[in-house]
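What follows is one chain in structure tokens, specifically the form predicted alone.
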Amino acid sequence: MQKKEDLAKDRLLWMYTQMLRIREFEERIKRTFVEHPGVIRGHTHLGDGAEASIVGALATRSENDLAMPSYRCHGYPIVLGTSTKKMMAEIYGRKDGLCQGFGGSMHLADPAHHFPGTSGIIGQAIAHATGAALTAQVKNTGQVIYCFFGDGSSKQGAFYESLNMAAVWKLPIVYVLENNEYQVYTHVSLEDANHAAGDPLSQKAKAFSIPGVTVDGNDVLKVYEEVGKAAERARAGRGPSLIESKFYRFSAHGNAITVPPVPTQFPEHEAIETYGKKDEYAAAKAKDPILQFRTKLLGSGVLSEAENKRIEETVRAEMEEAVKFALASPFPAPEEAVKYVYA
């Protein structure tokens, strides 16, 4: 892995572009609830605010490494190269989606791009990814598994069991604990006080005698540096690491919508409004990871205003095409409803 100071211009611009693609994809999903009411059924869990954490981590992977996140999962396959058209179609429940419309937002899968799949079960990725790491070790594939999960998932028994096994067997896995400050509607300060003591959460690594680091998840290059060290350790056969990436979730827990509001049981930024902390949200937006990285790239001369405009226009056009593709895609036939049910 290159040091962050040595990253070439094209690599830095690639990272910036992926962050913009994630943000625009999530924004288009929000707009769908306003522009096309009823098109998206069920929950969507958005990752706006997590762009630097996702891109910084995945920028360190080798070609065949797997990414296994939780149900807040849209950003990862975008970085891995999955078609945004097929992703949008899947979220819209259409036949041309990644899973032919049967998976939806929380159950995306694209094995061809090293994205085995996700689940709506809290913390499921932790055990699944640990099993994948054991497979990689036994088969000597050279793969590192990137496992992503939220701060709430670190309370699951599977978290402790999986990290213990990974530590004992020195499995090639990096655990990225995404602390986005809210567990559904509960702020992390209340979580620590009432549910799971420990700040920073990376200190949980001490129980397994593995490295534990907390990093500013709004800084894509800091994430890249720390996750890169952990990936190199895993690839060298020295076992797992726990990285706590701290950032702020800009959208409500699920089914987020944009202004102007439309009738829904999930108003915009519900978690924020419930606790009456509009100033907290405003402060977080001032630290927007995309804004920070753009300012850094413009200031260093890596990015020009003209290049930035071109990238933004390209990304918007891509996501507009994804929406058009998804809306034009047919629904699965009713008789196919049980086709992929095996139990």
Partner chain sequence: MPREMMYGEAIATAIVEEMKRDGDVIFYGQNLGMTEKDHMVRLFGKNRVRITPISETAEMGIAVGAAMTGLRPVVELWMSEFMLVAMDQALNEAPRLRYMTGGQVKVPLVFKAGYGFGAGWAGQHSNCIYHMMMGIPGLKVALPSTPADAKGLLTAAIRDDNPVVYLHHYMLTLDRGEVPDGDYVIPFGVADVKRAGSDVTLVATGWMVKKSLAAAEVLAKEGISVEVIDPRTIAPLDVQTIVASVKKTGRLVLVDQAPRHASVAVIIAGEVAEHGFQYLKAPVKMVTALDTSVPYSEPLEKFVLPDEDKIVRAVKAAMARQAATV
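Keep in mind the model is a prediction, meaning the values are calculated, not measured. Residue numbers count along the first chain shown, from 1.
There is another form of the same protein, the form predicted in complex with the partner chain; it is not shown, and what comes next is about it.
Put simply, of Leu80, Val213, Ala207, Met165 only one has a heavy atom within 4.5 Å of the partner chain in the predicted complex, and it is Met165. This chain appears without its partner; in the predicted complex, the one residue of Glu161, Glu232, Glu225, Asp199 with a heavy atom within 4.5 Å of the partner chain is Glu161.
When the partner chain is considered in the predicted complex, Met87 lies well away from it, no heavy atom lying within 4.5 Å. The partner chain in the predicted complex is not approached by Gly142, whose heavy atoms all lie more than 4.5 angstroms from it. The closest non-hydrogen atom of Asp110 lies within 4.5 Å of the partner chain in the predicted complex. Proximity of Ser245 to the partner chain in the predicted complex: non-hydrogen atoms within 4.5 Å are absent; the residue sits far from the partner. Figure note: of the listed segments 128-136, 246-254, 199-207, 176-184, the one touching the partner chain in the predicted complex, with heavy atoms no more than 4.5 Å away, is 128-136.
Residues Cys99, Gln100, Phe102, Gly103, His107, Ala109, Asp110, Pro111, Pro116, Gly117, Thr118, Ser119, Ile121, Gln124, Ala127 of 99-127 are found to place at least one heavy atom within 4.5 Å of the partner chain in the predicted complex.
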